[in-house]
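One chain follows as C-alpha cells, the form predicted on its own.
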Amino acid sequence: MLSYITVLLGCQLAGETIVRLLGIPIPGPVVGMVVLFLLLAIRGGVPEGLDKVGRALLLNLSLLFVPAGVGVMVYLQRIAKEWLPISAALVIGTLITIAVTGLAMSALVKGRRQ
C-alpha cells in the first residue's frame, strides 16, 4: 500500500517538476494526474493496490475540506464585507462552467454520431 501512495506522490512531484521546468500556467497536481493517467493507459489498467489506495483517499476526502473551513472562519469578516463580488464570481463562474460543459458535451455527441 505504501508503494502505491509513493506512486501517487511521485506523479504529483513529476507534475510539479514539469510545470516548474516548462513554466506552464497549469497546477502541478493536474499535470501529475495526466502523468498518472498516461502511466495507467500504458499499463492497461489500474493495479488492485492503487485502486484500494484511491478508494481510501476518496473515503477520507472530507478531511481535506477542514483547512478550507478554517480559512472561511478566519476571513469571515472580509467575506462579509466583500460578499457581493464573491457571490457574483461564484454565480458567473458556475454559469460559464455549465455552458462550457454543455457545449463540449454537445460537440462530443455530434462527433460520435459521425
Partner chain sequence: MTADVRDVWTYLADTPLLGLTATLIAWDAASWIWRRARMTPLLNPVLLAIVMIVIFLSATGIDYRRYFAGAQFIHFLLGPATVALAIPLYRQIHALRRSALAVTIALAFGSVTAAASAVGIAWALGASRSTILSLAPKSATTPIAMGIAKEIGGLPSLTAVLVLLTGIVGATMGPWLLAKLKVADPRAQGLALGVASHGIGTARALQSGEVAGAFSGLAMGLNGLATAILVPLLVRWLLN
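Residue numbers count along the first chain shown, from 1. Computed from a predicted model, the values in this text were never measured in an experiment. Throughout, rigid core stands for the largest set of C-alpha atoms superposing within 1.5 Å between the two forms.
Omitted from view is the form predicted in complex with the partner chain, to which the following refers.
Taking the partner from the other structure, the partner chain in the model of the complex has no heavy atom within 4.5 Å of any heavy atom of Gln77.
Taking non-hydrogen atoms only, Leu9 approaches the partner chain to within 4.5 angstroms in the model of the complex. Although the partner is absent here, Leu21 sits far enough away that none of its heavy atoms falls within 4.5 Å of the partner chain in the model of the complex. Interface residue remark: Leu108 is counted as part of the site for the partner chain in the model of the complex, having a heavy atom within 4.5 Å. Although the partner chain is not shown here, in the model of the complex the stretch 35-72 places heavy atoms of Leu36, Phe37, Leu40, Ala41, Gly44, Gly45, Val46, Leu50, Asp51, Gly54, Arg55, Leu57, Leu58, Leu61, Ser62, Leu63, Leu64, Phe65, Val66, Pro67, Ala68, Gly69, Val70, Gly71, Val72 within 4.5 Å of it, in sequence order.
The two forms, fitted on the rigid core, differ between this form and the one not shown by less than 2 Å at the CA of Gly23.
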